[in-house]
Each structure stands twice: as C-alpha cells, then as structure tokens.
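Quick setup: one chain, the form predicted on its own, written in structure tokens, and binding and motion questions come after.
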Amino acid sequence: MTKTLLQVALLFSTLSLSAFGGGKVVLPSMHQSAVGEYHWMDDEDFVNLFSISMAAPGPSMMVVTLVGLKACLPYGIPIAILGALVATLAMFVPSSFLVYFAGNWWDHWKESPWRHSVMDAILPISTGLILAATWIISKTSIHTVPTAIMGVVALSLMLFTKLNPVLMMGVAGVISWTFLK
C-alpha cells in the first residue's frame, strides 16, 4: 500500500513538472506508467477513466484523480480515496509552485530571443504529445467499423461545428447502446 502511494506521488509529481502545454500532453506517459509499468489497470480501464474525466464537470485533468483512485483501489475504499488525493496534489502542487516562482523570472525575459526560441520549440512538442495521447485513446476505443465511423463523425463535428462534446458523447452512447450491443 505505501509503495503504491509513493509510486502515485512520484509519478504525478514528475508528470506535473513536465506538463508544458497543458495536462493532456502527459497522457502518453501517464498511460505508459499506469498500464505498462505499474499495471494498475489495462488499456480499457485507462480509456474509461479518461472518458469519465472528460464528461464530468471540473478540471479536464480529473483523470489524474481517477488513476490515483484506481491504483489504490485494491487496498480498500479509504486508501483508494487517499490515492486519489495524493495523485491530485502531486499533479497540481509542484507545477503550481514552479509557475509561481518562475513566472516573474520568465516575464523578465519577455523580449529575449532565447525565450521566443524556447516557446517556438515547446509548441510543436506539445502538439506531438497531444497527438500521441489521441492515438493511445483511439487505438483502444476504435476497434470496429461502426466505432471508427463514430470517431470520424465526432472528429468532423469538433472541427467544423460548435456542438457541445458532452452532447456528442450522449448521442454516441445512445447509438452504441441501441445498435452495437
């Protein structure tokens, strides 16, 4: 139990400090650790937790809380809740301190050419990491022709309309429940 809590704390504090470009850029590393390294869950569990976190109100990185909960669930509900709390704090506290203390220093170099170079490098790397996260979620959730069609339709709707994603998920759930049992 203590070992798992320490693993959760170390994983999410490390991810916290490497989440340049937003929390979703660390999803591939989170997946690799939670599924491949620590075996807290399988691919389907990870995708389900990610889906729940995206559908729920609140921060988009609620998946962190759910992964911490799932990692510690074998030790009982109280420890699972502690795991969720540890994961959440480990994900948000280190980066919050970093932003607080580095913010003034970063602003001081606002016109520096090297700052612009760093920002120009971070943007494509963040984009690549977000695409990697998309690939991880897609390869687990798109496994038949109907689910591939639903994925392409959802992507198209997101790119070309302002339709609420929660509404799309609800409609996809009804379609899946009705036709893909």
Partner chain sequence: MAELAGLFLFIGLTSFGGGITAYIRRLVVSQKRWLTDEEFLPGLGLVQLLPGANVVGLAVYIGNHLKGPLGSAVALGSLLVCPFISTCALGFLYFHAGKTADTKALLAGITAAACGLMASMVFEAGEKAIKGAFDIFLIILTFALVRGTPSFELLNHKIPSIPHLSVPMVILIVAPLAVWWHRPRPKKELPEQIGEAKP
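Positions refer to the first chain, counted from 1. Here the structure is a predicted model, which means the values were calculated and not measured.
Not on display, but discussed next: the form predicted in complex with the partner chain.
* Though only this chain appears here, would V174 touch the partner chain in the model of the complex if you measure heavy atom gaps against 4.5 Å? -> V174: yes, in contact with the partner chain in the model of the complex.
* Contact test in the model of the complex: A9 vs the partner chain, heavy atoms, 4.5 Å -> Residue-level check for A9: no, no contact with the partner chain.
* Asked: V47 near the partner chain in the model of the complex, any heavy atom under 4.5 Å?
  -> Heavy-atom contact with the partner chain at 4.5 Å: present for V47.
* Asked: Does at least one non-hydrogen atom of G103 fall within 4.5 angstroms of the partner chain in the model of the complex?
  -> So G103 counts as contacting the partner chain.
* Asked: Listed by sequence position, which residues of 61-91 have a non-hydrogen atom within 4.5 angstroms of the partner chain in the model of the complex?
  -> In sequence order, M62, T65, L66, L69, K70, L73, I77, A80, I81, A84, L85, T88 come within 4.5 Å of the partner.
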